[in-house]
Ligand code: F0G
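There is one chain below, alone, in structure tokens, taken in the form predicted alone.
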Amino acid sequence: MTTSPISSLRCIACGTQHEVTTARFACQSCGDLLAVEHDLDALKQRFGDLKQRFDQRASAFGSGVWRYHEMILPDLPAASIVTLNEGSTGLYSRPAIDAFVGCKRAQIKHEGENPTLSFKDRGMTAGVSWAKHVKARRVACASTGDTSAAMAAYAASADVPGVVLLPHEKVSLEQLAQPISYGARVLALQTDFDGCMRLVKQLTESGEIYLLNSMNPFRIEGQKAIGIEAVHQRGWKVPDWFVIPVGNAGNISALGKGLRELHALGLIDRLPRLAGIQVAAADPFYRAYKNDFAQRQAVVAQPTVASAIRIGDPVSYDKARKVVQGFDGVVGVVDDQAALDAKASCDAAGVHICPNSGVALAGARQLVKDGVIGKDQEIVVIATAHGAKFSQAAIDYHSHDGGPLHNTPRVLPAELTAIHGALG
């Protein structure tokens, strides 16, 4: 006996429903983005013991995404899952980080602990699994670095050829090395990320190549596990705020979607507030927020240490706008120096994060200073990637008096007296 599907695809603007097996992710009626929509009543009826299921899978299930299978893609057969044991990332509390931010408790949800060292793995396990399920013959993405690494790894695991479009000389060497190593066809284009994004949409428009950027709604389903897992790790106690860096805006969209579904299913008793933080060199979402989202704005993104969010025209703008408005959220902006100082503070507490994560941490600190976040409130800051993927940024900061927390290596003669002198 077959059961009826729980999920469908619906346009976020006009509401038109689309075949869930489509390889095109723009609405055929109005051109806006599609979203996976779950029948939550049917989900509750079919799986009435979700908390118990999730708890029991703590050690029996290798993935911190598919641990929540019923909430991610309930219609996906287990045999189609492509996993590298992603998720189950740390949620860190450090007195030094609390002091830096200036609030009661600032926890770091470290997505850099995923297999390819970024949160993108959560989206790619879902996106590539669905691509396998619908028998896609090739997958593709545009990337500022982390997306390409994740897509290439999961495509290789699924034995599906992958194509990566990167902006030439605008990603770190560590990020470039990953898709090359995983065997994807890597095309370095003489443009920025927004140019790569335009071209990959054209490349995949016919549906013959399966698009795996964040406009793919199945990727969003995997990424929403970040918030689900963070709340689960807190004993299902919701923090006052989630703070997250914003580039293409898919991650804040996913975070909001997962939290709203948790609340609708009765797994949490309230919703947190959300803060999206942009870097000043690429701040179109912040500019729109300051104008009450009266008009969507695009910018020409400038060079920044936060290269993974150097995006001037976010693909998931409309989804993110609705999430910010629906969660009584705010959008902030910080400069490169603030981001690097925040990164250095977090690194020195033993939690090594990327500059893009430093943007979120610096934004949390600024929101506390501005009184938007209360000093007695609890925050979860989403760290999106590992600092090891951005070693040059750390070397530059610590080698050239880059900021107040710099830890410059000292070159000494190979003599014990010199070492004693350096140690005081």
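This one's a predicted model, so the numbers in the text were calculated from it and none came from an experiment. In this text, residue numbers run from 1 along the sequence as written.
We do not show the form predicted in complex with the named molecule, though everything after this point is about it.
- Partner contacts here mean any heavy atom within 4.5 Å of the named molecule in the predicted bound form, and among 332-340, 240-248, 265-273, 286-294 they occur only in 240-248.
- For the chain shown alone, Tyr154 is not a contact residue for the named molecule in the predicted bound form, no non-hydrogen atom being within 4.5 angstroms.
- In the predicted bound form, at least one heavy atom of Gly145 sits within 4.5 Å of the named molecule.
- Taking the partner from the other structure, the named molecule in the predicted bound form has a heavy atom within 4.5 Å of a heavy atom of Phe193.
- Not displayed here, the named molecule is kept clear of Val279 by more than 4.5 Å at the level of heavy atoms in the predicted bound form.
- If you check the named molecule in the predicted bound form, you find a heavy atom from every one of Lys120, Ile311 and Cys354 within 4.5 Å.
- Exactly one listed residue, out of Ala385, Val380, Leu34, Ile373, brings a non-hydrogen atom to within 4.5 Å of the named molecule in the predicted bound form: Ala385.
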